[in-house]
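This document opens with one chain alone, in structure tokens, the form predicted on its own.
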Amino acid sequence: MSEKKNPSNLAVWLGIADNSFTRQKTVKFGDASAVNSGRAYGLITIFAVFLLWWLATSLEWIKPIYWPSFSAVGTRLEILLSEGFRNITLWDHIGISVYRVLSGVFYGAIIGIPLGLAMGLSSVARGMFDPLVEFIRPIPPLALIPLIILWFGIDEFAKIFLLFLASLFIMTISARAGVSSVRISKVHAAYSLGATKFQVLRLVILPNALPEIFTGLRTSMGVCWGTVVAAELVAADRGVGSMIMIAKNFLQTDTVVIGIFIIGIIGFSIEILMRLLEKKLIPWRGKG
């Protein structure tokens, strides 16, 4: 009997065939590690969405809601690339939005992660900060815009501070959950081998909490991209969110659609980058 031929690398990458690891699985339903990428189905979905867009605008199915056609979006994109928007290049709009989002997530992480670790390790820290975190966390950042303008004015700091708040509590909760997920048997084993508290924190708690912290980082990125439009409402003349809001006032739906696509593409690219970093930096995730 001839040996079964292994699937091609392209089939594995597209997710229509199992790789060498998932082929060894005897039980697949319920095992998250046995789920492949499914990229082929994702490509089909994207193609179907663009086909529906083309059909709808060509046949004027959805004209009443002013959805622009392919040609209108393409023409507007050429104008934005060559002339910019309101005398500012498209790349400057994209660059300042990316800078604001990354700054908000960065500052949220450097404050939220230590705060979450402290809340997970200390009864005093949990008692002091848990009521504040749980009270402020459900408040949408958009509701804080009037106060932020009163406190910090309309400069760049106000926009980054709003994104910082959107990221801070996500990172705090993630770090606290990461500490809670550490198996106590590992902590006891470290102490039995003579480890100090600092060594337990560095060698046991932090490595085991990193998967939850990375999940918080990915979530923060998504939330901050969703908040950047609100942040750039604070008297901004640059940024993708500002471009969308100004274009909306002049009924330039093609520019609005371009801005939406830009935010989606950049957000998706950052998510893919975070996944790759997670695989590289946390290879032990999901392996106990």
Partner chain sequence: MKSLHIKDVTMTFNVPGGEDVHALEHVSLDLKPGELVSVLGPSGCGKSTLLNIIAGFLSPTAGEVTLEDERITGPSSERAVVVNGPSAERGMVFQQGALFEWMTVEKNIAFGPKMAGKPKAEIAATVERLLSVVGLEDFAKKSVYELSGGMQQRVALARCLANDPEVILMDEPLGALDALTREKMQGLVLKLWKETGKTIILITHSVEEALLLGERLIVMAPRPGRIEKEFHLPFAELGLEKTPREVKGMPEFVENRDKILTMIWEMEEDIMGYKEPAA
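Everything numeric in this text was worked out from a predicted model, so none of it was measured. Numbering follows the first chain given and starts at 1.
If you look for the form predicted in complex with its partner chain, you will not find it shown, but the lines that follow are about it.
Asks: Please pick out the stretch from 134-142, 118-126, 199-207, 170-178 that is in contact with its partner chain in the predicted complex, where contact means heavy atoms within 4.5 Å.
Replies: Heavy-atom contact with the partner occurs in 199-207.
Asks: Is A189 a contact residue for its partner chain in the predicted complex, using a 4.5 Å heavy atom cut-off?
Replies: A189: contacts its partner chain in the predicted complex.
Asks: Within 4.5 Å, heavy atoms only: does A195 come near its partner chain in the predicted complex?
Replies: A195 belongs to the contact set for its partner chain.
Asks: In the predicted complex, does R183 have a heavy atom within 4.5 Å of its partner chain?
Replies: The answer is yes: R183 has a heavy atom within 4.5 Å of its partner chain.
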